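A lone chain, given as structure tokens: the form predicted on its own.
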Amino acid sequence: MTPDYTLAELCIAAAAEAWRGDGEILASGLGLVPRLAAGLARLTFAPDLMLTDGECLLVAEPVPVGRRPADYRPPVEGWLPFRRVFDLLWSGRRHAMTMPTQIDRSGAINISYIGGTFQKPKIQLLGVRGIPGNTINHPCSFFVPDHSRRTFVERVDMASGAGYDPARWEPGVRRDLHALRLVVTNLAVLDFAGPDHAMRLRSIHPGVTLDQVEAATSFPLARAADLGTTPAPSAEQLRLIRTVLDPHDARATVFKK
């Protein structure tokens, strides 16, 4: 039976769960699926989440993706210029979902370079950007649209963001706000509740097998005791995604045909 939802919609609903129970914090979804997921969480089970318009305003409802009517004005709740974001960030009152190029078993992520050395990389990426501060100061989750051995590596080429590997932590660096929550991919949902915070397989998407997930991962995965199938989005979640959050179906561009 063909499901009445797309893979992108499944991932948006699964990614929204990252913010469940977070309370009144800033939800930052960086990338299309993370942005839609944060908005979906706010509109369903997490009404206390704070969202921005992408510039400097806190808004009372998610700003839809794509074209909007000329007279559209999001309802404003407050002012949040860039410098004020750091007040939330440094105190743990933010939860960001980003899209790493590499991620390893401990949750270290890389968005900096692939291959070679720091001085002479084979492939230059973004650099570290704000990822080091994000990962040590507030909860972080991740979305990976192409679950493969190129992304899920034994050890990242550079740790742009901190994972749970104690060998990578310098003495004296605070760890009390460090928390990695979910990884949502095109194959599965994972977390870091394995032994010593190792990455753990939490659910597998409909139509995907355990062998497929393991074959696409460069390291052994712990498995949740209740490992099952990723829940399908509800009718209400689909309505919100399709008519409120992404009325022009930008999500159709997320995965290769």
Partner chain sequence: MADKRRTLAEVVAELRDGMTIGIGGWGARRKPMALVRAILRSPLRDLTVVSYGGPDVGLLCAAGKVRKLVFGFVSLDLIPLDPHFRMARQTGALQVMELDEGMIQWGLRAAMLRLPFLPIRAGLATDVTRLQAELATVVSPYADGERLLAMPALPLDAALVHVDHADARGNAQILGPDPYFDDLFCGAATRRYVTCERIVATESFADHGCLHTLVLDRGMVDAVVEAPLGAHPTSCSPAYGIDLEHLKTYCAATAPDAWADYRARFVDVDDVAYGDAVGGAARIHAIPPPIF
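For the two forms, the rigid core is made up of the largest set of C-alpha atoms that agree within 1.5 Å on superposition. Since the structure is predicted, the reported quantities are computational estimates derived from the model, not experimental observations. Residue numbers count along the first chain shown, from 1.
This next part talks about the form predicted in complex with the partner chain, which is not shown.
Enquirer: Are P81, Q119 and I136 jointly within 4.5 Å of the partner chain in the model of the complex, each by at least one heavy atom?
Expert: Contact check passed for all of P81, Q119 and I136.
Enquirer: Select, from the options 196-204, 47-55, 210-218, 227-235, the stretch whose residues sit within 4.5 angstroms of the partner chain in the model of the complex by heavy atom distance.
Expert: In short, 47-55.
Enquirer: Residue-level contact is defined here as any heavy atom of the residue lying within 4.5 Å of the partner chain in the model of the complex; does I123 satisfy this criterion?
Expert: It does: once the partner chain is placed as it appears in the model of the complex, I123 has a heavy atom within 4.5 Å of it.
Enquirer: So, in the model of the complex, is R150 in contact with the partner chain at a 4.5 angstroms heavy atom limit?
Expert: No - in the model of the complex, heavy atoms of R150 and the partner chain never come within 4.5 Å of each other.
Enquirer: Can R73 be called a contact residue for the partner chain in the model of the complex at 4.5 Å between heavy atoms?
Expert: Taking the distances in the model of the complex, the answer for R73 is no, it never comes within 4.5 Å of the partner chain.
Enquirer: Counting only non-hydrogen atoms and a 4.5 angstroms cut-off, does Q102 reach the partner chain in the model of the complex?
Expert: Result no; Q102 lies far from the partner chain in the model of the complex.
Enquirer: With the partner chain left out of view, choose which of L180, A159, A96, V144 has a non-hydrogen atom within 4.5 angstroms of it in the model of the complex.
Expert: Looking at L180, A159, A96, V144 one by one, just A159 meets the 4.5 Å heavy-atom criterion.
Enquirer: Going by the partner chain in the model of the complex, which residues of 84-98 come within 4.5 Å of it through any heavy atom?
Expert: Those in contact are F86, W90.
Enquirer: Aligned on the rigid core, do the two forms place the Cα of D71 2 Å or more apart, comparing between the shown form and the other one?
Expert: No; D71 is a residue whose C-alpha shifts by less than 2 Å between the shown form and the other one when the cores are overlaid.
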